[in-house]
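Just one chain is shown here, as C-alpha cells, and it is the form predicted on its own.
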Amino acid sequence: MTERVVRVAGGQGFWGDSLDAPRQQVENGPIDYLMLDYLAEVTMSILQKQKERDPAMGYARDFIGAMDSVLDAVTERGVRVVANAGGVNPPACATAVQAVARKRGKSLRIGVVTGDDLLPRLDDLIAKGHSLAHMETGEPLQAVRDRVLSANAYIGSEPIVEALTRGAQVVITGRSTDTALTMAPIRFEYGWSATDYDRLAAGIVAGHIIECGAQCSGGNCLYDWRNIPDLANVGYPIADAYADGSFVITKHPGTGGRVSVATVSEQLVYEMGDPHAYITPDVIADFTTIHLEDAGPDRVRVYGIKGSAPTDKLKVSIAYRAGFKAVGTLVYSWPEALDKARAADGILRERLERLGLHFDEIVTEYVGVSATHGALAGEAPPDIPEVQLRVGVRSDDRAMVERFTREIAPLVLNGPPSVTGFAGGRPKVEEIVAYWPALVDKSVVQTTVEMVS
C-alpha cells in the first residue's frame, strides 16, 4: 500500500516574484495545492494607499494573472489554491478572480477570509485598553495614531481550513502568516487537531521552507552558488507532506536550481528569531528539533519536529507615516575616484549647512567601497576605478527634503571632477512608511469566511 502524500507547491515568495512560476508549478508535474505568498510588512501599507485611491483596489494584482494561468488546473484537475493576495481588500480580490473565471466560462468556489484588518477598530481597541505598544520600545500606539496607514493582525490556519472544509477551490486571505498558507491544507487533509502540536509545528516548518519561493531551491543561495545548475529555469519548491508530520522538500524534475540540505538549511534560518520558539498563531515550533537528511536527487526529508501550545496573543503589523526622504547618487571615475566622492560629500554637507537645512538623518554611502559592510570593509584599495556616491536625507519637513534634491545635480559641474553618471536624474521626494510591530489579545480578532461562487 502506497503511503498517502499531500503535495503543496510554492509558487510566489513575494509580490513581484516570477509571473511564470504559478503556471509552471501546475504544468510541470502533479500537485494538490498551489500556495502563493504575496505579502510583506511594507506591502500592506502600499496596498492600503491603493485602496484609499480606489476602493476596488488594495490586493496583489499579480494574483489575477496567476489565477488566469492556472485556471484550467483548478477547474479541471482539482488543484486548489491558497493565497494571501487579498491584502487589505480580500473581497475585491475575489471579485476580480471571479471576473476572470466568468470571462473564460469557468465557475469557481472561492473562500474569502477577512477579520485581520484592525484599522477601522484601532480607536475602539485603544479605548478598551489595548495599547498596541511597540514590541521593542514599549511606546503605546497612541503616539503615532494620527499617522497610521494600516494595521493587520497575523491570522493562522483555522479560517483557511474552514474555507477548504466548505469546498473552496481557491482561498483568499488578507494578512495570514506566510507559514499558515502551507500548513492549513496539510492540516485539513490529515485532520490534525488544534492540540496536535508536533504535527502542526511540522506544517509550520514546511511552510517556512517554501514561503520564499525558489530561495530554498537554489535561488539566493550562498553555499556553492557558482555550481547551482540552470537558475534561468529554476524550479520552485514542493512540500510532499505525510500524515505523521514528516515531509520532503523537492521540485519538479527537469527544472533548474537545487534542493539540498544546504539550500533548505539556509532558508530555515531566514527570519528565524529564537530557534527554540518560532511563534505562530497556531503553534510554537522548536527549530532545534528539526532533522534534515538527503533523500535523493533534489529531495530533502524533514522530520522529528516538536511543537508546543501557542500564546494568547496575535502579532499586529502596523504601518505609519514617518516623514519624507530623498536619495541622490553621483558616480565618480578613476583616477582618485574615492577621494573625489568623499570631497563631494563634504562640499554637499557644507552647502546644506549654509542653507540652514538640518535633517533628522543624513547618510552617505560609497557604493563599491563600503555601502554593504560599512567599517567592516576595511581600507579601500588605493585606485578604485569607480565609486558611486549615494546620499540620503530624512525629515518631517517635505520642503526641506525637496530643497536637498536640488543640491545634488550642481555638483556635476561645480564639484570635484570626473562625474560619469547622474543616476536617475534629480532625486524624488518619497514618503517614509515605518513599521510598528505590536501584540493584541487573540480574543479581539474574529475572522470570517465567506464563500463566493
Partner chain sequence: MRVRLLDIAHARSGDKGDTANVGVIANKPEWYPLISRELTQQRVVKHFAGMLTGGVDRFEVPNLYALNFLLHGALGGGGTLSLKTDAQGKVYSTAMLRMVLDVPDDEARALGLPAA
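Positions refer to the first chain, counted from 1. Small disclaimer: the values here were computed from a predicted structure and weren't measured.
The same protein also has a form predicted in complex with the partner chain, omitted here; what follows describes it.
(request) With the partner chain left out here, work out from 71 to 79, 240 to 248, 177 to 185, 321 to 329 which stretch has heavy atoms within 4.5 Å of it in the predicted complex. (result) In short, 321 to 329.
(request) Go through 124, 271, 230, 383 and name the one with a heavy atom inside 4.5 Å of the partner chain in the predicted complex. (result) Checked against the cut-off, the match is 271.
(request) With the partner chain left out of view, choose which of 26, 411, 393, 400 has a non-hydrogen atom within 4.5 angstroms of it in the predicted complex. (result) In short, 393.
(request) Check whether residue 339 has any heavy atom within 4.5 Å of a heavy atom of the partner chain in the predicted complex, and answer yes or no. (result) It does not: once the partner chain is placed as it appears in the predicted complex, residue 339 has no heavy atom within 4.5 Å of it.
(message) Does any part of residue 432 reach within 4.5 Å of the partner chain in the predicted complex? Heavy atoms only, please.
(response) Yes - in the predicted complex, heavy atoms of residue 432 and the partner chain come within 4.5 Å of each other.
(request) Answer with yes or no whether residue 100 is in contact with the partner chain in the predicted complex, where contact means some heavy atom within 4.5 Å. (result) Close contact is absent here: in the predicted complex, residue 100 is far from the partner chain, nothing within 4.5 Å, heavy atoms only.
(request) Give a yes/no on whether residue 309 approaches the partner chain to within 4.5 Å in the predicted complex, heavy atoms considered. (result) Output for residue 309 is no: heavy atoms all beyond 4.5 Å of the partner chain.
(request) Would you check whether the partner chain, in the predicted complex, lies within 4.5 angstroms of a non-hydrogen atom from each of 42, 223 and 287? (result) Yes, the whole candidate spot contacts the partner chain.
(message) Need the contact residues for 102 to 119: heavy atom within 4.5 Å of the partner chain in the predicted complex, sequence order, or none if there are none.
(response) Residues within 4.5 Å: none in this stretch.
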